[in-house]
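Alright, here's a single protein chain in two forms, structure 1 and structure 2, each given by itself as structure tokens.
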Structure 1
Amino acid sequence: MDWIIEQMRKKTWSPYAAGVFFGLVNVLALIMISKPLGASSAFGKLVGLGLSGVFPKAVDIMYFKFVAPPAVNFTVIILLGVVIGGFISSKMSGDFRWRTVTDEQWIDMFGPAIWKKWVVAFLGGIILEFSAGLAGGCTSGLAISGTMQLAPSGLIFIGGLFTTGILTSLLIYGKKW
């Protein structure tokens, strides 16, 4: 137990150790509950739950009927676990603090305004969530869990992920970076 607490207090882990541990968690999830790890539909389900209480007609669309029906399910629990686990880990390592992530690359390209970054992050999150719902998963579900199972959809997703990521970076940042 002391070893586990000592590991939780580290600011960073070896990427190899973290990869092995994540792979073991994924295998345990498949063995114990027959579900791969993935949380991309959690935001859609939570938004649907919120909307159904205020604007019931807003969830009467194909997306909420078939892609991300409003519910608290496995993906929502994983999402909560990620947030709570990240908080506990950052507190244990003494690395927790509120901050707006400003990096030199962003400031050079778009200026120091924090609101721009929040708007881009929010809109990007909506696009990612909607697209992941339509594709049947995101980085965690398709790329990590799907590739771990050698699913063709996961391998195709990884290729598309890197290709579009490189093209998008070139489109936004050009040859500056």
Structure 2
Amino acid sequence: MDWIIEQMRKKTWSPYAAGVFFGLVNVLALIMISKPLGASSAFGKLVGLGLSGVFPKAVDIMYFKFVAPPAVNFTVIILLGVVIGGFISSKMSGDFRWRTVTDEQWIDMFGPAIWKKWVVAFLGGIILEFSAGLAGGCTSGLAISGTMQLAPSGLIFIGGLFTTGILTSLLIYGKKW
């Protein structure tokens, strides 16, 4: 127990240690809930839930009726858990802080203006969630969950992701790349 608390107080784990831990968590998910972990599909459930309360006409379409009906399912609980896990981890290590711009590298590159980061975060969120839908999952739900089960789609997704990820950062960072 002391050892666990000691680890939780650390701000950073080596990516190898965190990776072994996360690998075991992924296996545990298949054993305990018979489903691979993922994050992207929860947002579809959440927007469906929100809209069916205030604007039911908006969810009166094929997708929300038959493909992903609004409901609190396991993906929503997992996503809630991730938020709680991030909170526990950062609180115990003293890394918790209200941040309007995450993190220093952004400020060094693009300045402290909040609106810039918030516009990019909003547009980035749209792009990420829409494309995760097209691909059939995200970094967790396809790149990791797919590849660990030896699905070709996992590796194809990783190939696409790194190709444009490198090109985009090259374009944004220019000489500072």
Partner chain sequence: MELTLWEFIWSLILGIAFGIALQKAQLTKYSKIVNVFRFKDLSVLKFMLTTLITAMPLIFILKGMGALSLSNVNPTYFLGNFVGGAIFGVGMAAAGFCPGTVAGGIGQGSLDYLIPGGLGFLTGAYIFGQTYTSVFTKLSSIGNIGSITIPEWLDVNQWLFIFFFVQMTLVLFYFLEKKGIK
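Rigid core: the largest C-alpha set superposing within 1.5 Å between the two forms. Here, residue number means position along structure 1's sequence, counting from 1. All of these numbers come straight from a predicted model, not from anything done at the bench.
The form predicted in complex with its partner chain appears here as structure 2; structure 1 is the other form of the chain.
With the core superposed, A68 shows a C-alpha displacement of at least 2 Å between structures 1 and 2.
After superposition on the rigid core, displacement of the C-alpha of S169 between structures 1 and 2 amounts to 2 Å or more.
Residue displacement note: A121 has its CA displaced by under 2 Å between structures 1 and 2 (rigid core superposed). Aligning the rigid core leaves the CA of P112 displaced by 3.9 Å between structures 1 and 2.
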